[in-house]
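The form predicted alone is given below as one chain in structure tokens.
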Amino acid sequence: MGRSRSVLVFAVATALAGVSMGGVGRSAEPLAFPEGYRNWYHVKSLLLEEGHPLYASFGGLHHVYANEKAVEGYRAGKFPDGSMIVFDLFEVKREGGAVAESERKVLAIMVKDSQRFAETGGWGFEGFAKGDPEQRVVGANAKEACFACHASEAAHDYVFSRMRP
């Protein structure tokens, strides 16, 4: 596993453990918790199971949501400022042949602001352990914890998910 993947795994493991970094190293304007995001466009869901190389950090049921500006970006291939993407990750439970959401592991957001976040491809990143707005887990470490991995998606404006046809 490369250095960027190792840093990402550490950051996500911290989030999944529910460790809060509080206000340590935070800018004056932290990213806001994305209230009402489940009313946004549902981009996709994905079940990442054991056997996948990122299972230890990202195993579970993923839902990706996008606000209207981000939907424009998915369609155009370049995201305008004001785009917000939410990654909602849950443990899963299996009952009677069905797979369902269980406990939330982390809620992560990406916010496009080309000037404010110029060092990270125009994107700001934050994660909230267990979806709790008070348990921020990325803070000032966004460049190493998030962007180091997202940099591999430069051709897609640093976004991993794609819009379903």
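None of the values given here were measured: they were computed from a predicted structure. Residue positions are given as counts along the sequence shown, with the first one as 1.
What comes next is about the form predicted together with heme C (HEC), which is not displayed.
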| item | value |
| --- | --- |
| is_contact(residue 108, heme C (HEC)) in the predicted complex, heavy atom dist at most 4.5 Å | yes |
| Contact label in the predicted complex: residue 71 to heme C (HEC), heavy atom within 4.5 Å | no |
| Distance check, residue 54 to heme C (HEC) in the predicted complex, heavy atom within 4.5 Å | yes |
| Distance check, residue 129 to heme C (HEC) in the predicted complex, heavy atom within 4.5 Å | no |
| Contact residue in the predicted complex, from 42, 62, 104, 116 (heavy atom within 4.5 Å of heme C (HEC)) | 62 |
| Interface residues of 136-165 toward heme C (HEC), as seen in the predicted complex [heavy atoms, 4.5 Å] | 138, 145, 146, 149, 150, 158, 159, 160, 161 |
